[in-house]
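In the form predicted on its own, a lone chain appears below as structure tokens.
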């Protein structure tokens, strides 16, 4: 083996190691096993995974790029906090993207787009039946991004992807509110979206996107604001 071959083999192993660390930490962050604001220690991670700190750092850089890890000025890192104070602005943007991407998909889709969207919907339905929250999050995002891509506007697609990425932990809380037993009506809502888009019904596609977003927003609001009030005899 030449020096070049040896170096390439080393790079492949390191890249594989970084991906393993990335996949595990990403799932733990999304599943809230690693809580928002929790510390990330490179040394502990290197010991845990039995790797050098180089692939650990590469994985953390990738997670930081997705907004899941935050690097502090002293070079330590924490799991990114969920910005509950600006949740209203996030939901406004998310709702707008559900509406506009559905409308554009109805206008500009091609037959292959519908086939892809339907295939992703089938994956989402299987995840719902299996009560696999992480699979639900991943397939739901893929489903909605496929709709955005069918709309043929890369700017909206990029913005929607960013919003879906930032909202993955919120979606995890949302699924937890149902004990990961997502009501079948959410599967039906996806199917109704596909039918409206395939029929090129622009108004209905936008309408269904708004309804879909509104019920997510309402459920998350219920999680964040307790309905009960303390009632004491004074």
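All values derive from a computational prediction rather than experimental measurement. Positions refer to the first chain, counted from 1. Throughout, rigid core stands for the largest set of C-alpha atoms superposing within 1.5 Å between the two forms.
Unshown form predicted together with a further copy of the same chain; subsequent notes refer to it.
Asks: Can you tell me whether residue 127 touches a further copy of the same chain? I mean in the predicted complex, with a 4.5 angstroms heavy atom cut-off.
Replies: So residue 127 does not count as contacting a further copy of the same chain.
Asks: Contact with a further copy of the same chain in the predicted complex for residue 62, defined as at least one heavy atom pair within 4.5 Å: yes or no?
Replies: Taking the distances in the predicted complex, the answer for residue 62 is yes, it comes within 4.5 Å of a further copy of the same chain.
Asks: Looking at the partner-bound form in the predicted complex, is residue 143 within 4.5 Å of a further copy of the same chain by any heavy atom?
Replies: No, residue 143 stays farther than 4.5 Å from a further copy of the same chain in the predicted complex.
Asks: Any of the heavy atoms of residue 162 lying within 4.5 Å of a further copy of the same chain in the predicted complex?
Replies: Yes - in the predicted complex, heavy atoms of residue 162 and a further copy of the same chain come within 4.5 Å of each other.
Asks: Can you tell me which of 23 to 31, 191 to 199, 163 to 171, 43 to 51 lies within 4.5 Å of a further copy of the same chain in the predicted complex, counting heavy atoms only?
Replies: In short, 163 to 171.
Asks: Find the only residue in 158, 72, 115, 135 having a heavy atom within 4.5 Å of a further copy of the same chain in the predicted complex.
Replies: Filtering the options by heavy-atom distance leaves 158.
Asks: With a threshold of 2 Å on the C-alpha, tell me if residue 58 counts as moved between this form and the one not shown once the core is superposed.
Replies: Yes, the C-alpha position differs by at least 2 Å between this form and the one not shown.
Asks: Is residue 86 one of the residues whose C-alpha moves 2 Å or more between this form and the one not shown after the core fit?
Replies: Shift of 2 Å or more: no.
Asks: Superpose the two forms on their rigid core, then report whether the C-alpha of residue 208 is displaced by 2 angstroms or more between this form and the one not shown.
Replies: Where the cores coincide, residue 208 shows only a C-alpha shift between this form and the one not shown that is less than 2 Å.
Asks: Are residue 56 and residue 158 closer or farther apart at their Cα atoms in the predicted complex than shown, with the shift being 3 Å or more?
Replies: It is closer: in the predicted complex, the C-alpha atoms of residue 56 and residue 158 lie at least 3 Å nearer than they do here.
Asks: Taking the shown form as reference, are the C-alpha positions of residue 137 and residue 61 brought closer or pushed farther apart in the predicted complex, with a change of 3 Å or more?
Replies: Compared with the shown chain, residue 137-residue 61 is farther in the predicted complex.
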